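Just the one chain here, the form predicted on its own, laid out as structure tokens.
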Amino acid sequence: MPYTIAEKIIAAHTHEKNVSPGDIVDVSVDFIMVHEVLGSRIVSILEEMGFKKVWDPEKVLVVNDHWAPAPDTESAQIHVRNRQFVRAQDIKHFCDVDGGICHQVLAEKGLARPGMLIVGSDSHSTTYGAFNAFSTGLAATDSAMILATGEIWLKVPEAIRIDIEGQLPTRVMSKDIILKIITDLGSDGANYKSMEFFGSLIDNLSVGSRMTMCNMTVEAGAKCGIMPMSSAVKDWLEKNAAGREYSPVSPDKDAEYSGSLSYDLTDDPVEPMVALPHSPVNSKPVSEIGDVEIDQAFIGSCTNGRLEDLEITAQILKGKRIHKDVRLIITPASRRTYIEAMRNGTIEILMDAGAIVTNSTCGACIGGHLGVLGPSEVCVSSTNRNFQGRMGHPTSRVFLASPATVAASAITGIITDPREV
């Protein structure tokens, strides 16, 4: 039977080695990532299970990232429990509050590689599909089971094939492409399906741009988003995962897909997109949304806080100042990203323009700290979700866009096409 990428990886991790869409199968997990939900819920679940030891302390990453450093005593207690767990279980991979956002640091450590089956206690764990891995997010109880046994059950997903040809137009980013795609699909258009990406655009994307797209597949309900191996991924692995084995996975020629989408950016370029409140799949070209005044512009998160995102922001802001009525908050995705941006002068350009640069954390994206919105405030953000109350007060409004669009908007004070600045 011909397999899609997702089917092939799942089959390789079952005892039967033979799967079909809709099958319920037990799979062995190569790696698991857990963040603050470990201390808030998973530890208690493990205690109720009579759990004693992690199945493999070298196949676990624990990250304190959502509220980092802790802004209140509740967060501080969760971080303490995580640290205690790491010490008691002799966990090899741990990032405390100085490390960065879980999905970025896992990638930087070379822990996501082709052919792997990875689970995270966070819905945006679909990010690792950028590395040709099957990766998905599971809830606390499922994550506890994996920590205890190294195994879990999955339903084999149907797959949607998405072909994208051409190249990104000037100041159009992969964030614009994925906003367009998930809006075309709808919030449940890929429900429990694998979104598998192909084409010349995908082959030539940077690793960061690939991560952005796979990260947001869950907003269309996808179980995972996966891309084939590319030269950019190979270079990344040589730098960050030297000596670790991996096996690139391609779909079989006659693999069956439950649906397909096709885009050719040469004939039909995608414009900068903006997702209107209160859904990531409610996007329109920036030229169609009118004059939307903003109070805050935010660049960061597991979706768009990487070095390339900070660099295009600096490119747009260089020699300019942000609007007098706008707060521009920038949160690098990891400590490493922050250091690289300092060394190449990016941070200085951002701060000269009036930006506030914070430490690496999920922070503002989840309305946790370092950028929480007040009543009726409007924010244009490079994050992945704009649900009501997501970044703060329930009457605030969040518009999702690429870092380029966020940067341009910070200058003008209204949501602005970055090609016009």
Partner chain sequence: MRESQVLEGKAIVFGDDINTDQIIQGRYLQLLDYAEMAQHTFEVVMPDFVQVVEEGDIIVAGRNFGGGSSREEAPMVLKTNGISCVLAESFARIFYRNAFNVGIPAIVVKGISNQVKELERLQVNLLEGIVTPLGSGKRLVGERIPQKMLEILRAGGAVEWYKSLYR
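Positions refer to the first chain, counted from 1. As the structure is a computational prediction, the values presented were derived from the model and not from experiment.
Another form, the form predicted in complex with its partner chain, is not on view; read the next lines as being about it.
Listed stretches are 352-360, 387-395, 57-65, 374-382; the contact stretch with its partner chain in the model of the complex is 387-395, by a heavy atom cutoff of 4.5 Å. In the model of the complex, no residue of the candidate spot (Ala107, Gly199 and Glu340) has a heavy atom lying within 4.5 Å of its partner chain. Among residues of the shown chain, Thr136 is one whose heavy atoms approach its partner chain to within 4.5 Å in the model of the complex.
Taking non-hydrogen atoms only, Gly221 approaches its partner chain to within 4.5 angstroms in the model of the complex. Taking the partner from the other structure, its partner chain in the model of the complex has a heavy atom within 4.5 Å of a heavy atom of Ser121. In the model of the complex, Gln296 stays away from its partner chain, with no heavy atom inside 4.5 Å.
Though its partner chain is absent from this view, in the model of the complex it lies within 4.5 Å of a heavy atom of just one residue from Asn191, Ser250, Asn282, Ser206, which is Asn191. Proximity to its partner chain in the model of the complex, taken as a non-hydrogen atom within 4.5 angstroms, holds for one residue of Asp98, Glu74, Asp325, Asp254, which is Glu74.
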